[in-house]
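There is one chain below, alone, in structure tokens, taken in the form predicted alone.
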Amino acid sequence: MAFLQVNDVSKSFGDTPVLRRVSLAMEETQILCILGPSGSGKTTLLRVIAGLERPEQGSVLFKGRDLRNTRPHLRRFGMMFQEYALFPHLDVSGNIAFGLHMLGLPRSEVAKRTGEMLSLVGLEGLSRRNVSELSGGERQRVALARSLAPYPRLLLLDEPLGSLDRGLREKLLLDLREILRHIGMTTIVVTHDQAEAFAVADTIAVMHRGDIAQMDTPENLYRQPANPDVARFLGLVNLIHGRVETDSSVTTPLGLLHVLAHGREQGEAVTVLIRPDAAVIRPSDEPAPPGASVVEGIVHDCLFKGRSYHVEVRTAGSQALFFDLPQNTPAPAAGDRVRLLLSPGAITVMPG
């Protein structure tokens, strides 16, 4: 029995369907990230799980119990919104303790739990600070501590770092994951940011047009996206139309690419994904290893990104391909003709 299970949930606003028979399941202590662009339905799904929206169809089960008629506050789920919604008339401790007072806990227990939360999020010295005097990162930590303080059975985070600048987000990402791991909190995070999802989640559910297009580990999602829509959303843009030649090769406008195509019919139309980490530059007179895929083209642009060079190559058929070459690779210049050796493990066949 899954810790949380969503079964065939549908939700519309007026005549606009937002969720289309969505199903997912997660286990206790898991960190699940619901990833998708604006309008994909991810926040609506989170609100259905929280009980803030009622679906027209389907059910949400918590430890096997149907929550259909359970009011939001009785579900005992913690929820943190992007805006944080801190109480301006309360100091840091007052904000964190608010939910504990609502539970009617003794003052000694409230003080103990508040102190634990201040320590957990690294705000021990700011307990009496007015929240209006805090930085964005500090307010985010207060909101997280307030969500965690009442011992929620499930934590729901809606774009928790969305209002912060990128530099601060990257720092707090690691802190957030460490905190959730430390306390073993089962968590669902909603975000549109791929880097945020990959950094925090055990499992990622990619939403597309109101349904889950793929749910997998971050590693499998990157290596084996289910379809071109998932690949594009993850920023994987080297997508080439082709036809299956054999169970280990596909004919494309780039030539014959050696890639596993098990389970697909000869002549079947497919889309081939070449990941940005697939290529290394090889001298034109160096023979390619047997079974290797080779692409030649002209460098259109080369951008230094610190740890790598982001290179755009245009092939003879005007196909634009984008690769991230290691920093220790000699950087090609615009106009250079290059010969790229592609790693078979970085090429994936998807439905056409």
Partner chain sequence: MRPSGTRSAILLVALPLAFLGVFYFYPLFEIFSLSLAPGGQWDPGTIAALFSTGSSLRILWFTTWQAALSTVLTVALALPAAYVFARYRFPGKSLIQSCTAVPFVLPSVVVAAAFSALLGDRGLLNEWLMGTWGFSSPPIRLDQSIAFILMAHVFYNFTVVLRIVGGFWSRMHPDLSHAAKMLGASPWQAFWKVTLPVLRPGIMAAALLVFIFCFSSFGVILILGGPRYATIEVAIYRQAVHLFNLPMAAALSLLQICFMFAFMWVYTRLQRSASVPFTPESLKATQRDIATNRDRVVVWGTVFLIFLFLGSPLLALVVRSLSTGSGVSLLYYRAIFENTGQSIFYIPPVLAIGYSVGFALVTLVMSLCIGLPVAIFLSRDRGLATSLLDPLFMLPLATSAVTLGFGYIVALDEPPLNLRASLFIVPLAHTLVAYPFVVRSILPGLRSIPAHIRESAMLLGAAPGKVWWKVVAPMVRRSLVVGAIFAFTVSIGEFGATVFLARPEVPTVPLAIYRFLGQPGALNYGQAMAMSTILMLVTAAGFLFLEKLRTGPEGEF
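In this text, all values refer to a predicted model and were calculated from it rather than measured experimentally. For the two forms, the rigid core is made up of the largest set of C-alpha atoms that agree within 1.5 Å on superposition. Numbering follows the first chain given and starts at 1.
This next part talks about the form predicted together with its partner chain, which is not shown.
Residues Val280, Phe322 and Arg339 are none of them found to lie within 4.5 Å of its partner chain in the model of the complex, as judged by heavy atom distances. The listed set Gly115, Gly122, Gly255, Pro72 contains one residue whose heavy atoms approach its partner chain in the model of the complex to within 4.5 Å, identified as Pro72.
Note on the partner interface in the model of the complex: the residue among Gly184, Pro88, Pro106, Gly263 having a heavy atom within 4.5 angstroms of its partner chain is Pro88. For Ile240, no non-hydrogen atom is located within 4.5 Å of its partner chain in the model of the complex, even though that partner is not displayed. For the chain shown alone, Ala50 is a contact residue for its partner chain in the model of the complex, at least one non-hydrogen atom being within 4.5 angstroms. Its partner chain is not drawn, but in the model of the complex it has no heavy atom within 4.5 Å of Phe198. At a distance threshold of 4.5 angstroms between non-hydrogen atoms, Arg146 is in contact with its partner chain in the model of the complex. Stretch-level contact analysis of 72-80, 255-263, 240-248, 215-223 against its partner chain in the model of the complex, using heavy atoms and a 4.5 Å limit, identifies 72-80. If you take 101-118 and check each residue for a heavy atom within 4.5 Å of its partner chain in the model of the complex, you get just Met102. Fitting the two forms on the rigid core leaves the C-alpha of Leu90 displaced by at least 2 angstroms between the shown form and the other one.
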